[in-house]
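Quick setup: one chain, the form predicted on its own, written in structure tokens, and binding and motion questions come after.
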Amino acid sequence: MKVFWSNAGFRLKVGIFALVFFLVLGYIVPLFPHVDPIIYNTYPKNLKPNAVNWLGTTALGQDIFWLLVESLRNSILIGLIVATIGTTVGIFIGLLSGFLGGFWDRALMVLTDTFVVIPSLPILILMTSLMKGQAGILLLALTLGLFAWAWPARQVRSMALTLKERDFIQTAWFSGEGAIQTIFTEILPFVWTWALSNFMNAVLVAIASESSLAVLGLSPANLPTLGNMIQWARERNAILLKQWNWIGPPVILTILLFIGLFLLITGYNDYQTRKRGR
């Protein structure tokens, strides 16, 4: 750990600190006793920041700070689920396609290219509209994850096509290893570094996608997320009423979350480049 920290660049260190901050705010802070922020009229409406309500209250009598914490936790959870689905499925399909070749390569790439060229936003709008605002976190994440695996599969396939020509793969074949065993024991370790970077980027993209749907009014109506919190404030004319303590925190936190994850991704990539001595 000491060696890692000494070799980590400034961006990676800032990204790690940002990640820890968001995880603590989203998953440790909610463990402290508090009133459910989803319930209406738990406090007087439209309060300014005070000793009890640190960020004030909404037009519905909700504590903005605890609503922000709950929204951050759900947004991160959605991002993690979508990134897990996209990275895992993408790696599996990409490795199978690139390593097996032939019919399987053509069939899997036709499927992959179909999801690559389909415009995801109109499909997501249609699917979330059919759910009529009743989807939970898991269903919403599965919907977003439907389009999260295609590009990773394409990238992993190109890596597999290169790796399968290496001498150690031929050695594994002559040693009696089957295709699946060779993929997971010989090729997969070379993909881990890329997979981690893709995972972090997929979290960022998933949060952005959910926020876009929420601002369009298509995210589950009762699910607190950063995007939904912005949408709720917009519906209640928080901007026109200059309730900056309501509309401001989710916007600022979303920006900081994006910057933190971006620094983490780019910093990690720089660290891997220096580690390889390039």
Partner chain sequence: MKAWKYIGLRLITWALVIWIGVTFVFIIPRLFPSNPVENMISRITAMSGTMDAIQVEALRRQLRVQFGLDGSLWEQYTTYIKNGLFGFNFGPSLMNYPTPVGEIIGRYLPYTLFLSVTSVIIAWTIGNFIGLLAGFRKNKRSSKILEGIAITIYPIPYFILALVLQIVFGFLLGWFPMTANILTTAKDRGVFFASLLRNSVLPALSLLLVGTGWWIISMKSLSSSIAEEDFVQYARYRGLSERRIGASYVLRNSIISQVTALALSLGGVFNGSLITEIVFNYPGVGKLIQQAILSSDYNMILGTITISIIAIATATLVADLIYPFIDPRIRYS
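Residue numbers count along the first chain shown, from 1. The shown structure was predicted, so the numbers you read here are calculated from the model rather than taken from an experiment.
Keep in mind that the form predicted in complex with the partner chain is missing from the display, and what follows is about it.
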Check whether Phe21 has any heavy atom within 4.5 Å of a heavy atom of the partner chain in the predicted bound form, and answer yes or no. no
is_contact(Ile16, the partner chain) in the predicted bound form, heavy atom dist at most 4.5 Å: no
Report yes if any heavy atom of Tyr268 sits within 4.5 Å of a heavy atom of the partner chain in the predicted bound form; otherwise report no. no
Are any of the heavy atoms in Leu263 no more than 4.5 Å from a heavy atom of the partner chain in the predicted bound form? yes
Only one of 170 to 178, 114 to 122, 156 to 164, 183 to 191 sits within 4.5 Å of the partner chain in the predicted bound form by heavy atom distance, namely 114 to 122
Ok, Phe92, Phe99, Phe199, Trp151: which has a heavy atom sitting within 4.5 Å of the partner chain in the predicted bound form? Trp151
Any residue of 209 to 226 that, in the predicted bound form, places a heavy atom within 4.5 Å of the partner chain: Ser211, Ser212, Val215, Leu216, Leu218
